[in-house]
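Given as structure tokens, the chain that follows is alone and in the form predicted on its own.
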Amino acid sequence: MITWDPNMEMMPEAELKKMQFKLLKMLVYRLYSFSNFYHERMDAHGVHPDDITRLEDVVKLPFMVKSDLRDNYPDKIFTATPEELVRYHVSSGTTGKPTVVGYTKNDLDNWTESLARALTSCGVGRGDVVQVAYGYGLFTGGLGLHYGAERIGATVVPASVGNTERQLELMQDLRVTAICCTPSYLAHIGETAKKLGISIKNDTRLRTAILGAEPWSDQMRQRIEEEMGIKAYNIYGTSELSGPMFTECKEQDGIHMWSDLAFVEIIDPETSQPVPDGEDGEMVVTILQKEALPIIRYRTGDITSMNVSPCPCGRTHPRIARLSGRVDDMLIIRGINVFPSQVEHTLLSIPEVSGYFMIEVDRIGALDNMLVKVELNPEAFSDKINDILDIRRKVGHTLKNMLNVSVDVEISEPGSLPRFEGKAKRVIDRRVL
């Protein structure tokens, strides 16, 4: 097994927890002393830094949520001076002000180091050519992976998003071995390659994909790997935490969350109480060494579970499972909780249809109505109406069994539904709730 920082990545669990407590204690004292936001929040919550006497006492600290960042736009929560800041990133906001994230030199170094460990754990290293097809600029994805790949000695192709035919040309001509992008965009690249008569498996040197920024299923991973002849790894991060920071290792069985950088909790999103290891809940993250924009108990909104069992790769840091959705992405259809990732998981189990789909939700009278539009696979396309009706019935029946709620199904022609170069937007909810 190849590691970037073996002493840290394979540190015994007991030592990791001691380190985490020391870092947490220092962080809480620093913020109580130098951050008006955290000082006032802790006082209002009735907690003092002296009350944190063990790692488990983190639950005494108040949560932080996305609205805290927007309400303190642009930099009221920052604890670094303007002279100490070396970069800003800004995440787009669906309503109101965006979220501004500041970085000191140490923040950027920790972010880059995190990705150096992560990329190495996926088998990427010196001699690889890495095509970064995430957005550059204010978005954190492109630059984060760019610097992480450079640190481990790989050669970077800063392709950014879009111009898919050009992406394929670069992939072939520059002998790209790894690509970083959203899973939906890689699927679109593969589809475009087929139209151009290019086989990713046979006509390129691509062998690794680092995919994230949107939920995706194991079925989608399997389809990508089989069609392209590569290994696809899950990456996780949010702008608030710094950007994409953590990936799966070559075992592909959970994302390693580096314990010297992050303390992770999984809570019940309704009661805010911890859930047992292995049980799904909302992920809450404390970034232990962040200087410019400190983050304590940030409710990410992401649904996952924790796995603290030893990983066969030898790394001792805890793992989170593949994200199953977001608290705010969850649709409630006639009293049933439905996640878009469940729909994708189900559709990819049906050979007659593709992974391209849209969900449209309306309220007809007093009842919710959910329509799933899904594309046929080209091999299943037929001009016989009975064939299409049979496939529609099969899809509807399979979705009902999986979701426990009946949905309408519309079968679309191959290539007719939207493709996305960034995060896929698969849900249109027209209900007035």
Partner chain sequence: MDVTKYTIKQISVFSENKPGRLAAIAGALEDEGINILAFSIAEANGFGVVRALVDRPDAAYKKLNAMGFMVSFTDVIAVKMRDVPGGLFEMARILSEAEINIEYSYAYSGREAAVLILRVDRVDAAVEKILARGGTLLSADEFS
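Under this definition, the rigid core comprises the largest set of C-alpha atoms superposing within 1.5 Å between the forms. Residue numbers count along the first chain shown, from 1. Here the structure is a predicted model, which is why all the values come from computation and not from measurement.
Keep in mind that the form predicted in complex with its partner chain is not shown, yet the notes after this line are about it.
J.: Even though its partner chain is not shown here, does Leu24 get within 4.5 Å of it in the predicted bound form, heavy atoms only?
T.: No.
J.: Can you tell me if Leu69 lies within 4.5 angstroms of its partner chain in the predicted bound form, counting non-hydrogen atoms only?
T.: Judged by the heavy-atom cut-off of 4.5 Å, Leu69 is well away from its partner chain in the predicted bound form.
J.: Can you work out whether Glu413 and its partner chain are in contact in the predicted bound form, taking contact to mean some heavy atom pair no more than 4.5 Å apart?
T.: Yes, Glu413 sits close enough to its partner chain in the predicted bound form that at least one of its heavy atoms falls within 4.5 Å.
J.: Could you confirm whether Ile364 comes within 4.5 Å of its partner chain in the predicted bound form, counting heavy atoms only?
T.: Contact check for Ile364: no, nothing within 4.5 Å of its partner chain in the predicted bound form.
J.: Given its partner chain in the predicted bound form, answer whether the residues Lys76, Thr81 and Arg87 all have a heavy atom inside 4.5 Å of it.
T.: Not a single residue of the candidate spot has a heavy atom within 4.5 Å of its partner chain in the predicted bound form.
J.: Name the stretch: of 399-407, 30-38, 386-394, 48-56, exactly one has residues whose heavy atoms fall within 4.5 Å of its partner chain in the predicted bound form.
T.: Heavy atoms within 4.5 Å of its partner chain in the predicted bound form occur in 386-394.
J.: With its partner chain left out of view, which of Met64, Met42, Leu376, Val372 would have a heavy atom within 4.5 Å of it in the predicted bound form?
T.: By the 4.5 Å criterion, the partner-contacting residue is Leu376.
J.: After superposing the rigid core, is the C-alpha displacement of Arg70 2 Å or more between the shown form and the other one?
T.: It does not reach a 2 Å shift.
J.: Superposing on the rigid core, I want to see if Pro12 changes position between the shown form and the other one - specifically a Cα shift of 2 Å or more.
T.: Shift at Pro12: below 2 Å after core fit.
J.: Check Glu360 against Gly281 at the C-alpha atoms and report closer or farther in the predicted bound form, compared with the shown form; the change is 3 Å or more.
T.: Nearer in the predicted bound form, by 3 Å or more.
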